[in-house]
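First comes one chain, alone, set out as structure tokens in the form predicted alone.
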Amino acid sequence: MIFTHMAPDGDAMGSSLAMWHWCKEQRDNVQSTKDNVQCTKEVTVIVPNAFPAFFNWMPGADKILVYEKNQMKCNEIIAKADLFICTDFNDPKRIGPMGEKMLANGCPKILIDHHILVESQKSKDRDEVAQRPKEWYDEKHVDSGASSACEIVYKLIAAERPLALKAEIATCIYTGLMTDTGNFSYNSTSAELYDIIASLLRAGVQKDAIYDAVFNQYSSDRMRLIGYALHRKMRIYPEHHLALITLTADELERYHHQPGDCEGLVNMPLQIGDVFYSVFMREERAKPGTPKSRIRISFRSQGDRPVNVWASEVFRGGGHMNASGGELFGSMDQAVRLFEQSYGKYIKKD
């Protein structure tokens, strides 16, 4: 079983699918190299909820199971699994209801992630106390200095034999590298990363086609939503070189929001000459039986201006120095109020 986080992005999709292809390849190699050996291991990727349509083209994406759409089948597979591989997240809560079911199965769990690993952290939400289970995994491959989970996957499966990397795996890895660095505009200063990119190109990656498939396939509704967000919903805090964009569930529905439509929006205010920090808040309407909406929060910054501590200490999230995320269960007004109460502590004034 291969898991990745809710609202899967390019790195989540790329790292999980790359591992899916690689595991299948190892299984097939066992069958082809050993006499009278039939390996019956099945490999399955399950994502908590729907991924953006502009990832449908990725090799193997059509084989992914979406938990929200087929819970009964997914629960059966999770209960019977004898190995879990978890990519691009380090907290079981990041895969929703599947997290508890995964922990209930005592089989080995492998963690592959590039976010800062916090073994135990209480929620900042006063009405909810969340505790991350300590060392819920059996083996970890975590590097918070890596550009993406896909970079770690590459080092695990291909670093010693890059020329043997199949094009399908290379394509998945490159997609994660490209999307998690904003097309190599942040978290991508390591020379080693570009050595990896070169090896992926030699393996057959069509980088221009991947860019086109991810970034040039949006709907007209998405373009109108972006225009509305920038024109009507962007606030500038000039004394702190800070921008905030908020979109409520009603506003998203007005523009027929689909998964992935807000991709990249948080980066756009950074194109303003004197804005060095950008925050984007998006409301997910409360589901039946859930009293509060979820406010998903993205943080971006430039240069030596960290946002990961802010995301972690105030919005129970985390990530890289210049690219982090968090969340709050409550109203958009509550989220904005907490944002305005806290930013002075975490933003570096120039």
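All residue numbers are counted from 1 along the displayed sequence. As the structure is a prediction and not an experimental result, all values here were calculated from the model.
Just so you know, the form predicted in complex with guanosine-5'-monophosphate exists too; it's not on screen, but the next bit is about it.
Using a 4.5 angstroms threshold between heavy atoms, Met58 stays clear of guanosine-5'-monophosphate in the model of the complex. In the model of the complex, guanosine-5'-monophosphate sits beyond 4.5 Å of every heavy atom of Gly330.
Using a 4.5 Å cutoff between non-hydrogen atoms, Arg305 does not count as a contact of guanosine-5'-monophosphate in the model of the complex. In the model of the complex, no heavy atom of Val45 sits within 4.5 Å of guanosine-5'-monophosphate.
Residues with any non-hydrogen atom within 4.5 angstroms of guanosine-5'-monophosphate in the model of the complex fall in just one of 46-54, 63-71, 321-329, 285-293: 321-329.
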